[in-house]
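Just one chain is shown here, as structure tokens, and it is the form predicted on its own.
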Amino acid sequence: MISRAEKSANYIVLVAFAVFALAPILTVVQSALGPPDEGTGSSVAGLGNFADAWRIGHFGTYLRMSVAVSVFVVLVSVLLSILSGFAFGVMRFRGSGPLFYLFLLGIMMPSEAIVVPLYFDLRSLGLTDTFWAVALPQVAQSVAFGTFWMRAYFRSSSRALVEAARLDGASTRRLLWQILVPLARPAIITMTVLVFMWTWNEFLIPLVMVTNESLRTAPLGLAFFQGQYTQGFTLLAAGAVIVATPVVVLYLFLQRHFIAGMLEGAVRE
């Protein structure tokens, strides 16, 4: 049993960490709702700052690009990760071990180490300054993590369930999509949230791969907004809130499944 003193100490530590994590966020939100910067030509504070940031910073264009890239990367990488995770976690074939470790290189290799040669490879294919130059490298990175994630889940799934399905004559396709995938819903949703968050926040790949303003993603557009359109902090804070809102909304909408997916391995026998 946990004593009252230990419980109180736990709450104090949790509150301290919560304040430490939320204070910068609240500061940015408070600044975004504050008086407008001088020279913006606006006298409307509060929500008017978001309207000015949206108009001056062209965030509508940047958000559309970020949504398109994130949705494409999430859909393709989740599908490929489920297939590859099932192959490495359930199926048995020659060379699966070395091939899986080859996939892990995508996790261990930072973007900074490959972005320059990747740029020249894509330029030789005529793909730089296109949607594919932003999306395809992130699909590769996300599939590397997703394969590791789904392999771990499928390997921890009930072997008795898999064997029973095979004894009942279930095909490999039915075993995956009708038996294992429905049970893996929390893990898949957790992977979806993580991939979406990483893709949305990616800065280096769009910075190197595209120069066309219409192909800038939201974080990249925010950086250019800071240098080109405003020197004040109020509109910059409003722009930061606009860029961060989609990720926050997605997490709040899926937080129960996200936490369940993170904790599922701890309660699995």
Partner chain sequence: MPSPRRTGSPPGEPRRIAYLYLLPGFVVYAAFLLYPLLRAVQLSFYDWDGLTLGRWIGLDNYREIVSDESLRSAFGHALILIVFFAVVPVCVGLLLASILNRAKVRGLPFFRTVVFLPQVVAMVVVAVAWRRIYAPDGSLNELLGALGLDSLQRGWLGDYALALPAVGFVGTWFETGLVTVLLLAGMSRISGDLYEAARLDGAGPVREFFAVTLPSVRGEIAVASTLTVIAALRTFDLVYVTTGGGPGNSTSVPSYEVYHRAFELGRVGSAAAVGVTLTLVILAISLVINRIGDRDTAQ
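All values derive from a computational prediction rather than experimental measurement. Positions refer to the first chain, counted from 1.
The discussion below concerns the form predicted together with the partner chain, not included here.
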{"property": "Proximity of Thr130 to the partner chain in the model of the complex, heavy atoms at 4.5 Å", "result": "no"}
{"property": "Residue contact check: Phe154 to the partner chain in the model of the complex, 4.5 Å heavy atom", "result": "no"}
{"property": "Contact test in the model of the complex: Met65 vs the partner chain, heavy atoms, 4.5 Å", "result": "no"}
{"property": "Residue contact check: Leu204 to the partner chain in the model of the complex, 4.5 Å heavy atom", "result": "yes"}
{"property": "Residues within stretch 118-150 having a non-hydrogen atom within 4.5 Å of the partner chain in the model of the complex", "result": "Leu118, Tyr119, Phe120, Asp121, Leu122, Arg123, Leu136, Pro137, Val139, Ala140, Gln141, Val143, Ala144"}
